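First comes one chain, alone, set out as structure tokens in the form predicted alone.
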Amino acid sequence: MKFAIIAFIALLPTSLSFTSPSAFLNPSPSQIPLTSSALSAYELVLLRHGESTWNEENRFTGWADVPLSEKGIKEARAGGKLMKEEGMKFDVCYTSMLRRAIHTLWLSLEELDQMHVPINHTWRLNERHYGALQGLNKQETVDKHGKDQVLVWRRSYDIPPPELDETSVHWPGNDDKYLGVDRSDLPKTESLKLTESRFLVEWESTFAPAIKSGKKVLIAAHGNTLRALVKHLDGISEDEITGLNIPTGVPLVYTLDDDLKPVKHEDAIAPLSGRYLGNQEDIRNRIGAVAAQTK
């Protein structure tokens, strides 16, 4: 019997270590087996475009097709560098029809050395349409109409700003980019609720299937379309979403389970489950700066 035991031990791999009984009762996270959901977790990266010239001028932008500011160009590149540091690789990218989001995506992919990744454009990722407010200075609009009224137009979930008419240069029906879109779908104004509704069509038909097929997806879009998406992912209430701000140029990384439900990250900033890449104190300051635009 002694010989058999000795022979058995001699045949064991040299790397095998014996664990004390207490380790089985109180396993460390690294010792806990991964569940099937964890093994098949999906990753989705969201990126709000860098600061635009109209962000810089504190104007309601909406569907107006304005370029990135110099600061916005730097933000877009910085976002790409953060993703590169994380070793992120993408299979497909989605963005809007607006140059500030498109340019942000280009610059980020350049920093990632992944400019070969296919890019798909959709008007459903466009920013919320601000109707008759488009082009107006936010603070001047507050001075004219009062802070409470502008806050309702800007931040309420289901109350849109005043409509513009079809003769306006800001109506998308007068822009060749949208010749292929049914004119009845083109907005004259939008609330966040309406923005969410038209965006979710694309989520269900395109983005979600791409993610579930195993593709690594990067979405470069706008503050309100991304707010609509995180509201959907995180189940954020209509009241709470009105106070949520997403900073420009900062990658927001979500881990999703088999049902595309978020797995909360330990560094997530409530009410989100995803994590922002970068210095967390700086990110909180930038979130605050977005909130202060009409103060």
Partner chain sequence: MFAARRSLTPFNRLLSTNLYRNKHTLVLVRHGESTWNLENKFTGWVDVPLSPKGHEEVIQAGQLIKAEGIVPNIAFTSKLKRAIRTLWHVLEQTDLMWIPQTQAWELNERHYGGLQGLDKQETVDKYGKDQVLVWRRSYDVPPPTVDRGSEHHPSNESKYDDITVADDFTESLSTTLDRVLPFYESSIVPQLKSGKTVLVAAHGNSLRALVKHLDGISEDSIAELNIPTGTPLVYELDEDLKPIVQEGAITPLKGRYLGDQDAIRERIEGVKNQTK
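What you are looking at is a predicted structure, and each value in this text was computed from that prediction instead of being measured. Positions refer to the first chain, counted from 1.
There is another form of the same protein, the form predicted together with the partner chain; it is not shown, and what comes next is about it.
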Open item on the list: Can you work out whether residue 144 and the partner chain are in contact in the predicted bound form, taking contact to mean some heavy atom pair no more than 4.5 Å apart?
Closed with: no
TODO: Verify the contact flag for residue 103: yes if a non-hydrogen atom of it lies within 4.5 Å of a non-hydrogen atom of the partner chain in the predicted bound form, no if not.
DONE: yes
Open item on the list: Just checking whether residue 137 would be counted as a contact of the partner chain in the predicted bound form - the rule being heavy atoms within 4.5 angstroms.
Closed with: no
Task: Contact flag, residue 167 vs the partner chain in the predicted bound form, heavy atom cut 4.5 Å - done: yes
- [ ] Given that the partner is absent here, state which listed stretch (146 to 154, 217 to 225, 111 to 119, 199 to 207) has heavy atoms within 4.5 Å of the partner chain in the predicted bound form.
- [x] 111 to 119
- [ ] Check each of 212, 193, 81, 99 and return the one that places a heavy atom within 4.5 angstroms of the partner chain in the predicted bound form.
- [x] 99
Task: Answer option from 182, 85, 158, 176, heavy atom within 4.5 Å of the partner chain in the predicted bound form - done: 176
